[in-house]
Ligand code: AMP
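This document starts with one chain, in the form predicted on its own, laid out as structure tokens.
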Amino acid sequence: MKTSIASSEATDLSVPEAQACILDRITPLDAEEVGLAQALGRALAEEIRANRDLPPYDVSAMDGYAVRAADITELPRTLQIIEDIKAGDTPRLPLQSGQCARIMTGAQLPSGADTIVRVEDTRPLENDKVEFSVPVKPATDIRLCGENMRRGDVVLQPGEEITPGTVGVLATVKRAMVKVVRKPRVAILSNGDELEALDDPFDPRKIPDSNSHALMAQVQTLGIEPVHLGIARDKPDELADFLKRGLGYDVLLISGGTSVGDHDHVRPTLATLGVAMHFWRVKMRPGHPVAFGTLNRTLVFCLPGNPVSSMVCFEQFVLPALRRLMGHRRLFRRTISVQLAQAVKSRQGRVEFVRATLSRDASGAYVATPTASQSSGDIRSMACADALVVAPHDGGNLPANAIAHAQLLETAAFQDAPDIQD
């Protein structure tokens, strides 16, 4: 006999309602300090301030000559070179009228200089002299002291994702260690007597457990190393033992066993363990029988057993939850406008997530072509997809050439050619 689910569990929410139900219950995890080399992809948990002016003095932005602009108002003009200054040198001599200094990119301007003339706009002469024949305004090709950052300026805010560019900023301000939000501990469990584990003997009557491995890969794309708990069979006592282990993590992902069949024990077993289930079923396809609950600060996601449904529900609900836990501000995949290469059907009352490949037309606009199969059991449709086209819940068809929204998947960050015009 099954344990009843709490009556407070909502059913048939819209996708935005379900997302809000999850995110409203999440606050970022605590902070930890890591070395700069381990910080990539994490979210900052502290404010970062500049520790110096940068540049620390006026520097040349080009290889050329530091001059007084007043000396080259009448052209051509010949000036005497009094010094060579390379990056890292301290200029020794101030410029007087009729003088200039040969200077390299990044080198400090000498006293008296107020502009730079590029080397290609000059002609060298004998006896350390150079001729100028191209007019230059004051302050040309000079990077002023402190124009990149001033000592004490806030250069990075809490919640910013640490990208390669951010690492460069942190290195600039000499932050060898940095506070970031810790990564969530994630456990993944599959459920079902019909499942065959990756290292089980081959049995043509079984269904390979692809879900847990696909979910692990989706979690790993966020820089998190999940724990695979294994496969729980359709026995409530065995399932409860697995679930007790999983509830010791920050996030527990359960694949399968969440529907209403006689052997779907996941939700009632969670209820006996004290998990408060907040919703079950969302108005979407694939992925309708998805559920979400909490026990203290542990988030529990009950994902459908069909492999595509499981992965699509991860994209819509688990991914933004994990990023919120990790302290990120940007929680969702980027969405773009696409033109449909062919008509797309949608079922009345449910948002459809259509797997599609992306290409570009002659104008450069994105064109979405649905994958050959849209079956929720065909994992190949996710393997070749660049995006999920979002078909509205009002039913009917989106005709060919219609404009729709598409959520970019991980692989869509890359393309075959650079697409840069000469």
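Because the structure is a prediction, the values reported are computed rather than measured. For every residue, the number given is its place in the sequence shown, counted from 1.
There is also a form predicted together with this ligand; it is not shown, and the following applies to it.
Put simply, of P208, G349, G146, P94 only one has a heavy atom within 4.5 Å of this ligand in the predicted complex, and it is P208. Site annotation in the predicted complex: the residue of N306, Q99, T122, Q218 reaching within 4.5 Å of this ligand with a heavy atom is N306. Although the partner is absent here, S190 sits close enough that one of its heavy atoms falls within 4.5 Å of this ligand in the predicted complex. For I82, no non-hydrogen atom is located within 4.5 Å of this ligand in the predicted complex, even though that partner is not displayed. E194 belongs to the set of residues with a heavy atom inside 4.5 Å of this ligand in the predicted complex.
The shortest heavy atom separation between D264 and this ligand in the predicted complex is within 4.5 Å. Residues within 4.5 angstroms of this ligand in the predicted complex, judged by any non-hydrogen atom, belong to 249-257 and to none of the other stretches in 70-78, 326-334, 249-257, 146-154.
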